[in-house]
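Quick setup: one chain, the form predicted on its own, written in structure tokens, and binding and motion questions come after.
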């Protein structure tokens, strides 16, 4: 259920357009097409079970409220199912806008701990859900599957490539910095 609590009015003299430009450059080029119809929030499966409102985040972004957007835990509630994108009448591509805002958030040190831990698992094992070797390999074999699933965890060289990419892009440091901040 979404929250019915009272929200404080946002007062802004002049919106800061620099955040909108940043979103457009990092993956949300159509963000300014949004006219706040609410189709995204109304069709969002995460929003029907949490206080996540795609529309609210996009509205805050359009108003230049960068800090409120990137520090919002709700930013991470999106499951990237693309339902909002499929239904948006203005081709805003809300999922891409949310991902663009997440990219800005991570670059500035904001990430929920579960997402950070998932990123660490990818860097460690080449896959977000690494299997406990012996137990899962035996179970997979018992049901007729290959012992190791066909993902990067099967290929040590792929894991090394993932680590190289993370290092080259600085993602490894972003994740590690977040880890030490939370502990």
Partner chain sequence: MAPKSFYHFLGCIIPHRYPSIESAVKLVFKDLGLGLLDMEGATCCPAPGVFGSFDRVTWATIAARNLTIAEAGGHPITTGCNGCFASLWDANHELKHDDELRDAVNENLAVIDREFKGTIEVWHYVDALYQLAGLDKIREKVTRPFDGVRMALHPGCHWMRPKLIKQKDDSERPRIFRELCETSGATYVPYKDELICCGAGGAVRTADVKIALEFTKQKFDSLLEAGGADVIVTPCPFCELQLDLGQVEIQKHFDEEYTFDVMHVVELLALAFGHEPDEFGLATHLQYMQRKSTPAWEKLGIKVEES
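Numbering follows the first chain given and starts at 1. If you're wondering where the values come from, they're calculated on a predicted model, not measured in any experiment.
Another form exists, predicted in complex with the partner chain; not displayed. Remarks below refer to it.
Novice: Please tell me whether any heavy atom belonging to residue 155 falls inside 4.5 Å of a heavy atom of the partner chain, as the geometry stands in the predicted complex.
Specialist: Residue 155: yes, in contact with the partner chain in the predicted complex.
Novice: Is residue 165 part of the interface with the partner chain in the predicted complex - any heavy atom within 4.5 Å?
Specialist: Heavy-atom contact with the partner chain at 4.5 Å: present for residue 165.
Novice: Using heavy atoms and a 4.5 Å limit, would one call residue 16 a contact residue for the partner chain in the predicted complex?
Specialist: Looking in the predicted complex, residue contacts with the partner chain do not include residue 16, since no heavy atom lies within 4.5 Å.
Novice: Considering non-hydrogen atoms and a 4.5 Å limit, does the partner chain approach residue 127 in the predicted complex?
Specialist: Yes, residue 127 sits close enough to the partner chain in the predicted complex that at least one of its heavy atoms falls within 4.5 Å.
Novice: Could you spot which one of 56, 70, 34, 46 gets a heavy atom to within 4.5 Å of the partner chain in the predicted complex?
Specialist: After the contact test, the surviving option is 46.
Novice: Quick one: name the residues from 51-89 with any non-hydrogen atom within 4.5 angstroms of the partner chain in the predicted complex.
Specialist: Read in sequence order, the residues that approach the partner chain (within 4.5 Å, in the predicted complex) are 76, 77, 78, 79, 80, 81, 82, 83, 85, 86, 87.
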